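The form predicted on its own is given below as one chain in structure tokens.
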């Protein structure tokens, strides 16, 4: 368990560092981006990008930071992290032939599985909140200000989105013996959904509509999560976790 905790903390720090490295220059670039926003809007090759730039033009630095941090970085990097954290949770042991040793530990299967789910969920979600805390002091460097509480609510919405993806991947790991197949399925699904988002006639069918710029702008401005969005995402995580517990209870090495 100590080894798993160390790995979880290592993954948390690594993901946080990558997000922060991408966040800092993005925020510091805001003054130059603001000056060129009108030109960029006119040059945007597809309607979806024009819409995103229009939202930023209307909301200023808030829309820009929400787009850069949550939609661009946390969503894309988070899908990758969700796949890599969820896929080996059970299927990795099955592939290596060590699942029998894991099941022989003197703790119940539900507790064992919940511990694994929680460790992965922590490594996935903690970096979103940790890096979000650095946004207010960073935007002050460019002469702007943003409130921490609505930013934290945006981070909560982001983590619910990522947890739903992670939990589906975790369920796949409980059912499979091949972690690479599970990770590939999650990543392929994420890429497909993002591709749909970028197509004007299909964008409404993309799950990334749950985590796009207008969604975060709405959360930030209202100071509250939208129950029509967060309840289905939370339900997806809980149902997937419940099915994972059932599958793991019946799992044989």
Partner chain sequence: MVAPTTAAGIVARGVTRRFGSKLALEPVDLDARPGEITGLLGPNGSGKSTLMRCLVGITRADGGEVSVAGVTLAGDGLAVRKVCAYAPGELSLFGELRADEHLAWLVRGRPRDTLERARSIARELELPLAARVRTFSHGMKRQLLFAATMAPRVPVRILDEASEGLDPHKRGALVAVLERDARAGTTILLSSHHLGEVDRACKELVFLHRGKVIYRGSSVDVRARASHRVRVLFQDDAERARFEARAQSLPASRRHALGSALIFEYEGDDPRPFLAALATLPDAPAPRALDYGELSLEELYRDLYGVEAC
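Residue numbers count along the first chain shown, from 1. Small disclaimer: the values here were computed from a predicted structure and weren't measured.
In what follows, reference is made to the form predicted together with the partner chain, a form of this protein that is not presented.
**Q** Tell me which of 139 to 147, 110 to 118, 163 to 171, 71 to 79 has residues with heavy atoms within 4.5 angstroms of the partner chain in the predicted bound form?
**A** Contact criterion met by 110 to 118 only.
**Q** May I ask you to check whether residue 103 falls inside a 4.5 Å heavy atom distance of the partner chain in the predicted bound form?
**A** Flag for residue 103 set to yes.
**Q** Does any part of residue 249 reach within 4.5 Å of the partner chain in the predicted bound form? Heavy atoms only, please.
**A** Residue 249 belongs to the contact set for the partner chain.
**Q** Contact between residue 157 and the partner chain in the predicted bound form at 4.5 Å, heavy atoms?
**A** Because no heavy atom of residue 157 falls inside 4.5 Å of the partner chain in the predicted bound form, the answer is no.
**Q** At 4.5 Å, heavy atom to heavy atom, what parts of 63 to 97 sit next to the partner chain in the predicted bound form? List them in sequence order, or say none.
**A** Those in contact are 93, 96, 97.
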